[in-house]
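Okay, here we've got a single chain as structure tokens, the form predicted on its own, with questions on binding and movement later.
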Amino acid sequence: MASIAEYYAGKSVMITGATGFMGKVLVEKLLRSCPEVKALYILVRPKAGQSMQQRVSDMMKCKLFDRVREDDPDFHQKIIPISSELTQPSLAISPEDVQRLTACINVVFHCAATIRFDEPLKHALQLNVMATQQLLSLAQQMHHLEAFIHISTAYANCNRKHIDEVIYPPPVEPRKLIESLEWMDESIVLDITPRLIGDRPNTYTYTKALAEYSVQQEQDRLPIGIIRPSIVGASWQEPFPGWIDNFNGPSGVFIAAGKGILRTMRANNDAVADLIPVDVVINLTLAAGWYTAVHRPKTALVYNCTTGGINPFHWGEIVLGTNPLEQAFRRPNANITSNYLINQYWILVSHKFPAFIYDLFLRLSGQKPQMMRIFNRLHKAISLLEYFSSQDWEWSSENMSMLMGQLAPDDRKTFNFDVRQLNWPEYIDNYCIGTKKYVLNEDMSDIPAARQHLRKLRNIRYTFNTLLVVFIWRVFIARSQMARNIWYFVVSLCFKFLSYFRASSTLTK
């Protein structure tokens, strides 16, 4: 039987979402580990002020592709951009490109989606459901299609505590919902959204569940596989440890905490932090494409790509790396609590009060205040994560284990998705370094200066606390006879205790 690299040799692959975080890693891995792949057709949306070709050119200059660039300086010739817009009819792909794609594509990887939790329902439906349906229609026209792999999310069915590798009945038939909302004004849709999504936390998980059902409906006509990753984080091993390029999810938390901005977060210390490295997801995705094409399973297989049931790691175990970030606002000291009132107290004391003082300083110095605005954005982002950081889910992973068993020994190494080998402290440390190097573009050689800055912040804190104690003494203690009596009593009690402790130590010797 052909290995994974041998299977993809000579194949034409279409990828949606190729300019996104996971899409870029997928493109890089295909080019590096399957060097004989014929061509990668990537759907790209032209952005305002930036052409499709410019977006692809910028993507290929990314450090992520350094290893591919060393092996094959002309790798860009295999990447063929196709102009597309997922919110438009027929995905806005020209008739010429449709004819081109239907004539040659062998494998489709559908990675594109909106990952914003607070996306308006109509827009989330357009991107996550309607675009998927149109892509399925295009796939049915492809003469040589061997696999259609859809990237979903492990939280599509987060209203259940135990989630098997099956497609659950949707809360509503997608086509009926789309037809119903089509004529409605945006304000009306906004009003009824909470009732529509029910016990799901946001429009993202709701529409991803509808998309899964839409994909499953085509399993008799198309060879389909569905990948459900949990919280996708920085790379574990490939192309190098800790690669990350965005502020989403854990990355934003690590950066905010490392900068000393985030001091409190509401989460359950004992809840599983189901992080999954991006390279694990991509390796499983490529293996699933191979298995779907070669073995042709009779029904669409679902792969829960999670770590909690195999190699659990908890929110309370997260320890930020020892490499400080530059120009920190305060010394890093994040506190995780599951108590709402305690969290609100720390938000007031450690977030809003310092932000107010700092903005007041900026105003007095003639600068524009900004800290309160930053903290408001941070609180909004953190609140969207609370649902996922305060509870547990159980995902079965029989299909993931089955697929691993189908791989040859060399493929298990090259396309490794065995999370049992993952060392969490090392991974989190590399993750923090990755946010520093690749998201913030900070130089590792500047770490001594960053440490010096933290020492300066520590000295400022000690000075402030000392002045605060002196102030309290002058205002409350020095002016009250009762307060002075209590103070002298406490001091004499401490003195007696120390004298007793010293005498006891002498007698013991």
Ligand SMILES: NC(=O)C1=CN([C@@H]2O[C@H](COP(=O)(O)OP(=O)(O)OC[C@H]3O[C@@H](n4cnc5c(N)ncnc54)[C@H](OP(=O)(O)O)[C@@H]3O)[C@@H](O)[C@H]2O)C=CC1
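Residue indices: 1-based, along the sequence shown. Keep in mind the model is a prediction, meaning the values are calculated, not measured.
Although it is not shown, the form predicted together with the ligand is what the next lines describe.
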Binding-site state, shown form vs the ligand in the model of the complex, superposed, 3 or more atoms under 2.4 Å of backbone or C-beta: open
Close approach of I167 to the ligand in the model of the complex, 4.5 Å, heavy atom: no
The ligand contact in the model of the complex: M14, any heavy atom under 4.5 Å: no
Heavy atom of L284 within 4.5 Å of the ligand in the model of the complex: no
Heavy atom of K436 within 4.5 Å of the ligand in the model of the complex: no
Answer range among 214-222, 228-236, 418-426, 191-199 for contact with the ligand, defined in the model of the complex as heavy atoms within 4.5 Å: 228-236
Proximity to the ligand in the model of the complex, single hit among A113, I105, A288, L121 (heavy atom within 4.5 Å): A113
Position in contact with the ligand when the complex is considered in the model of the complex, options A328, I80, L86, I178, heavy atoms within 4.5 Å: L86
Within 389-413, the residues that have a heavy atom no more than 4.5 Å from the ligand in the model of the complex: none
